[in-house]
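Single chain ahead, written as structure tokens, the form predicted alone.
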């Protein structure tokens, strides 16, 4: 699995490096347990130490490559179940019970990914250089706290993450696929779009309609985290407050599956916040899941060669731009890896 990360296509389909990726909801990593997941071409072990801090490490014992996720949680250490080798949260071998004092003890031998928890999710930094410091985790304003409130919706879909990115940067599908929903039933069904650059990416928007349907989406790359932000107008029955904002991050599980994180946000305070949270859990959430299910069904049914036989038009210029950006970065990183490999081999 890891070898494909040396190629341009592999990095494109599994995710470029030097980025923070959302891995899973925080609730999936329970105290005292070892959690195994695959994300962005990496086989990962997640666990919490005695203070609740989450650790993200390669699921591979540095001794004989056994799965650490089959091991034992020891509070502030984990132990491989094969030969009892113990490791701490920094990836350092704390003890080799079968051979005390051996050279493996005290070595940082387990790949460990910098990790953060925010807005109900666990994020990890996947660096091109495993020893380099990560970029700061900068999240979009709607999930940064303050006057904003959010609910995290988490999904796992059987299709490439790239198809979900396409879907998020395609506002026009709202007026067709979601035409019978409670939020996207009105407005025009034809449009001309434009791209507007921002400091962290670009906005793709209709030129003659805003605040009526799914009318724009924004690609945001903070230099560490890639996400999409969009607004959906709320009807009066959705209670007080402004439009319904979605912040989305998608992370490849493998080439054919991905994890999706959809933070459903609203800028509300005081009693309006309480009102929205009550309405959301009791009336709105089920409706939003229906809309998301329409997206899932469409994305999972796309043929494997979808990109190879498209006939795009003006509404798809954001997809074209974003695909070029992602491929260019994948190409640059693959070339950089190829240059570093001979140097690493010579150093051994």
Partner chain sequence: MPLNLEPVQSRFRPTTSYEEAFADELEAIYGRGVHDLPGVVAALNETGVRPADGAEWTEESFTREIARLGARED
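Note that the coordinates shown come from a computational prediction; the quantities given were computed from them, not determined experimentally. Residue numbers count along the first chain shown, from 1.
Beyond the structure shown, there is the form predicted together with the partner chain, which is absent from this document and is the topic of what follows.
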| property | result |
| --- | --- |
| Position in contact with the partner chain when the complex is considered in the predicted bound form, options 130, 90, 274, 147, heavy atoms within 4.5 Å | 274 |
| Residue among 155, 163, 96, 135 with a heavy atom within 4.5 Å of the partner chain in the predicted bound form | 155 |
| Option from 276 to 284, 308 to 316, 63 to 71, 45 to 53 whose residues, in the predicted bound form, bring a heavy atom within 4.5 Å of the partner chain | 276 to 284 |
| Whether 27, 151 and 296 all lie within 4.5 angstroms of the partner chain in the predicted bound form by heavy atom | yes |
| Partner proximity in the predicted bound form: residue 237 to the partner chain, non-hydrogen atom cutoff 4.5 Å | yes |
| is_contact(residue 253, the partner chain) in the predicted bound form, heavy atom dist at most 4.5 Å | yes |
| Interface membership of residue 58, the partner chain in the predicted bound form, 4.5 Å heavy atom rule | no |
| Interface membership of residue 257, the partner chain in the predicted bound form, 4.5 Å heavy atom rule | yes |
